[in-house]
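Heads up, the chain below is alone and in the form predicted alone; it's given as structure tokens.
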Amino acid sequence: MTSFYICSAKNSLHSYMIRHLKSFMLASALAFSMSIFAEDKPNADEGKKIMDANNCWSCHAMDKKIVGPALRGITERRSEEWLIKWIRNNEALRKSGDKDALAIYQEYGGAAMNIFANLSDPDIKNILEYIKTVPKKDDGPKVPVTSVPTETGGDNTTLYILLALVGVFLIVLLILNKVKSTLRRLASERMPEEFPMVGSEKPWYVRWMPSGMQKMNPVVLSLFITAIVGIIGTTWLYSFGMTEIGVQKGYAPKQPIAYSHKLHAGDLKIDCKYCHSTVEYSKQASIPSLNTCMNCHKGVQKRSDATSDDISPEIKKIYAALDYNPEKNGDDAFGPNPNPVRWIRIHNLPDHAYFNHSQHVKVGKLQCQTCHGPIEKMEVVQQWSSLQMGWCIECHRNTGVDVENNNYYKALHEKAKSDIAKNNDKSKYFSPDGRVKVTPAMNGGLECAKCHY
């Protein structure tokens, strides 16, 4: 009997331990599952960091359409799976024939979103979670937009009028002085006792000469002085005309909108041809329209290092010139009263000089810095080179033309190779480094009609 109770107690204890062990294992499994779930749950703070690091706000805003669509409610308009594909590689999604992807691409005029292949699924989920949590901002006062100056530089009319008046006064003074001298001479002829020195005094320029020259014939002396002054004056005027007139080297005027080439071409490494889009097929490099600026500045409204959230004053000038209201969307943002910006021309060749940008950039394969200097380092653009004829001629004589890798010069290249094969190192096209030597001067680049017509 005793053994029966002992066995029963053992069985009860065993059943109790089994039940509690099962409960413990179930609780542990549940806790583990919850920890795994917690780790997989999207993190809005991480999403914000990822968006800031990838500069997403340059093209997107939460509640208004700028370069890209407004982000608020994006998770309600599209599935999470679709958004992950779109954000990571929208180009691949479009090539797959996805209708939504193609529609967005067409809606925004073919402006493709950047590819973010480096973002993982959790990264994109964090971004989407952050977008869900961004609170709406209260409508504040309208963004003040300053007016853009339509003209720059002072008006020189007053200065020219003053100079003209000074010139008139000098002429009147000379005439009065001549009248005075004539009257004194007439008076001395009638009353020599009262005006004994009048007519007998030597001119001031004669009195300053050595005594030997004072005895020279007045006519010969006048011709001699005129010749000396003429030679000196002509030499100075020639030098002045060749080195100063029309030469604006170092000219760096203040523009109506302060555009930094150092920031855009240097720090951001924007290709010059993005703004000066005609440089490869036109004589002119073209001044980019403000619509080109708006490709970026609909969304980018301040410098990345700016401490204030306000729109940059220079970008406000762009908005003012286009009559653009950044608080509105679509075509309604542009008003009916745009005003052109009066940029100040820096590089200005004489009318009789011909220069073709496409010939030098597309055919000659010259870099912009060849003529314009280190433009990517200039906060304020200046004329780097003199742009004088001698400067151009020196370049045409010394700069080699790559005729070997340019189909435009295919005929010239064949001609040069034939001449080298015939005359060896006696050929004018021969170069010791084994390449064909051709300069613009050798190809007619010094003919007057090439640049003057």
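One-based numbering along the sequence shown. The shown structure was predicted, so the numbers you read here are calculated from the model rather than taken from an experiment. Between two forms, the rigid core is the largest collection of C-alphas that superpose within 1.5 Å.
Quick note: we don't show the form predicted in complex with a small molecule, though the next part is all about it.
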Considering non-hydrogen atoms and a 4.5 Å limit, which listed residue (His352, Arg190, Lys136, Lys99) is close to the small molecule in the model of the complex?
His352
Residue within 4.5 Å of the small molecule in the model of the complex by heavy atom, from Ile270, Leu186, Met216, Ile225, is Ile270
Work out which of the listed stretches, 320 to 328, 227 to 235, 166 to 174, 260 to 268, brings a heavy atom within 4.5 angstroms of the small molecule in the model of the complex.
260 to 268
Within a 4.5 Å heavy atom cut-off, is Met62 in contact with the small molecule in the model of the complex?
no
Quick one: is Gly364 in contact with the small molecule in the model of the complex, heavy atoms, 4.5 Å cut-off?
yes
Within a 4.5 Å heavy atom cut-off, is Thr182 in contact with the small molecule in the model of the complex?
no
Please run the contact check for Ser79 against the small molecule in the model of the complex: heavy atoms, 4.5 angstroms, yes or no?
no
With both forms fit on the core, is the shift of the CA atom of His347 between the shown form and the other one 2 Å or larger?
no
For Ser289, decide whether the Cα shift between the shown form and the other one is 2 Å or greater, given a superposition on the rigid core.
no
Superposing on the rigid core, I want to see if Thr75 changes position between the shown form and the other one - specifically a Cα shift of 2 Å or more.
yes
Output row for the Ala101-Asp271 CA distance, |change| of 3 angstroms or more in the model of the complex, reads closer
Leu268 to Asn118, Cα distance in the model of the complex relative to here: closer or farther, by 3 Å or more?
farther
